[in-house]
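Next up is one chain by itself, shown in structure tokens, the form predicted on its own.
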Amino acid sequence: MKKIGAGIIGLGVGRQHALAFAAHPDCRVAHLCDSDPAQRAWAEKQHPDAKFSTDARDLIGDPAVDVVAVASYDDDHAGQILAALKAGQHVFAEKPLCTRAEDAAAIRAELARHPELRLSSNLILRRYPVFRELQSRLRAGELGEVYALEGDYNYGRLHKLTEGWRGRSADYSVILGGGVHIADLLLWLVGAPAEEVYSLGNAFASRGSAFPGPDYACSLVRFRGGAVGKVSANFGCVHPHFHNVSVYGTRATFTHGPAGTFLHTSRDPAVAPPRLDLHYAGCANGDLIADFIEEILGRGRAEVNAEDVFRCMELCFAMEKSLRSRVPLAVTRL
């Protein structure tokens, strides 16, 4: 069987994408793209048989490339994804899929014109062992009926807003750039679409810098069925990078924080909750790619499929719009 040819645009996090494609027995890295000479040197050493370009247009449409990984700057995602789909290439996109709702709608429409193509995005928290265990316990009914979920994306890397490319992007959003991970995680855990949101934010930590938007955003989300969620994106926090998650059910409460992961089954303060011995991260940024390749080959289902991506983007765009308008909003379907 002919191996699937993979092309990767952007070799920052895209390096891990390239390694994941190369590790799959039915895939090969065919084409790499980045404008940075240092990235080119890495690519030529790690993937000597691949082509290398400095312009994404040379990779998109290359007949040797069957699937494109888009790991470029957020502002470039939409145009590259649309071009790849039009060229008949599957797409694995870094988050966020795109930065504007109209672009997401255009991507969805283009994908509908190519039912043979597959689309996914790197919403990697689903692969974290601690959250997979949580999802398993929820599906087993161990927590009872879930009525509240909370997730905090504590980025702890303020310099990436004030000094890096994010601070130079007019469209960069901490919701789309970080909160998207928590949004997808809560959608996956609760197993129901979001219907309404209300967001607030501020920019204390980045005050005086060139970054134009909020560095902190917090959204309340009402899911179908009545469960309420909280999603925060905290880029300026004085705290290591971490994802706090709590899920409250009628029978038990699951909490995951820097002090550990616990399952609370009693309201009695004298009863200490058992600490769960679970790995927090334990995965790489390319770990969703193997399942995506299996779906392309017709041998399985991607962990994150196109519908998952669009549901997540709908929620994020609603949160972002509410943040700017300061009013509650319904989640609009793409």
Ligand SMILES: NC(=O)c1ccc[n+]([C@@H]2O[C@H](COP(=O)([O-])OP(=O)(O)OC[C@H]3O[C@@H](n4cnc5c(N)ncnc54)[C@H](O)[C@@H]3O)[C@@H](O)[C@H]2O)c1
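Numbering starts at 1 and follows the sequence shown. Since the structure is predicted, the reported quantities are computational estimates derived from the model, not experimental observations.
If you look for the form predicted in complex with this ligand, you will not find it shown, but the lines that follow are about it.
Residues within 4.5 angstroms of this ligand in the model of the complex, judged by any non-hydrogen atom, belong to 89-97 and to none of the other stretches in 253-261, 89-97, 203-211, 105-113. Every member of the trio Cys33, Tyr73 and Arg166 reaches this ligand in the model of the complex with some non-hydrogen atom inside 4.5 Å. Within this chain, His181 lines the site of this ligand in the model of the complex, having a heavy atom no more than 4.5 Å away.
In the model of the complex, at least one heavy atom of Ile124 sits within 4.5 Å of a heavy atom of this ligand. Interface residue remark: Gln80 is counted as part of the site for this ligand in the model of the complex, having a heavy atom within 4.5 Å.
With a 4.5 Å cutoff on heavy atoms, Val13 counts as touching this ligand in the model of the complex.
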